[in-house]
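Just the one chain here, laid out as structure tokens, in the form predicted alone.
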């Protein structure tokens, strides 16, 4: 790992984008949350505040030089844009994790990070039903986007909220004191339920059914380790909760970038694309398409500003739905089998694979 005090070029101007589309942000504060997790508060200069405006539940992608390579990791913001003056990401140490360990051990106030603008769809809809209960499931560091949503809903809204938070033991509970304070301040609206592996064991479908016995018919947000999320999601579906009311946030750490191979290109699609149509922000665009291009590359070549972040198939920021034709994914570490079956793809990794292809980006 880079051993300096910055993980990006300290001489580069803070407001200018790098060749990879990232920006330099300085660490304004470091908060030690638990023995293996810390939060980094980032200072966003005035000229970048609009670009770094975010929704509760979104994330930032951090790019870190390591052994001659650029590693990308996605960290949800635990701050609320309605309550906090500066964005805050929380990083939990992962066994063997080069970036998470370095950020927990080495990054200090005044250091600079190379950061991509906010992205992600793990957010409340702008027209969410204020009468519908909100049920949040978090496991471990999965509390970060959930905490952002929780603070924002309590700050501006009237919905009743239940947080189910699972951890290894009491010492590993991130944001324990802020959660206690929120529960006291909003005792009529907020219910916080803690589950500890050391006491109850790992979360089971039976536990989830018991927790939901009096909390049905809500809107559900789930973030945490994959087995935890799978257990909660599958139990909700088995209970008959509608899929559109269940939101799951998945991240994955990609393998190290492979060195480029000379004179190589993606295989041509079985059927060359003759018409590529993109639905974005309620408008339809017919794009030129060249063999080997990803959907994201085609959109950018046409001047369309579609959502994207890591561009490695690990964050889901560029998710779009295939409404006509077929696409072929080069890499996918974030879409579930059900999401693939429902027609979702990743624009940064997807190639047109039919004569007529139409995709729609979510509003």
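Numbering follows the first chain given and starts at 1. Given the structure is predicted, the values throughout are model-derived calculations rather than measurements.
Omitted here: the form predicted together with a small molecule. The next part is about that form.
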Problem - Interface membership of residue 222, the small molecule in the predicted bound form, 4.5 Å heavy atom rule - result: no
Practice task
Look up in the predicted bound form whether residue 150 has a non-hydrogen atom within 4.5 angstroms of the small molecule, and give yes or no.
Solution key: no
Problem - Interface membership of residue 100, the small molecule in the predicted bound form, 4.5 Å heavy atom rule - result: yes
Practice task
Consider residue 165 of the chain shown here, and say whether it contacts the small molecule in the predicted bound form, taking contact as heavy atoms within 4.5 Å.
Solution key: no
Handout entry: Among 67 to 75, 208 to 216, 272 to 280, 238 to 246, the region lying within 4.5 Å of the small molecule in the predicted bound form by heavy atom distance
Key = 67 to 75
Handout entry: Among the candidates 95, 199, 288, 126, the residue which, in the predicted bound form, approaches the small molecule to within 4.5 Å (heavy atoms)
Key = 95
Problem - Contact residue in the predicted bound form, from 159, 176, 250, 186 (heavy atom within 4.5 Å of the small molecule) - result: 250
Exercise for the section: Identify whether the small molecule in the predicted bound form is within 4.5 Å of every residue in the set 91, 144 and 314, based on non-hydrogen atoms. Expected result: yes
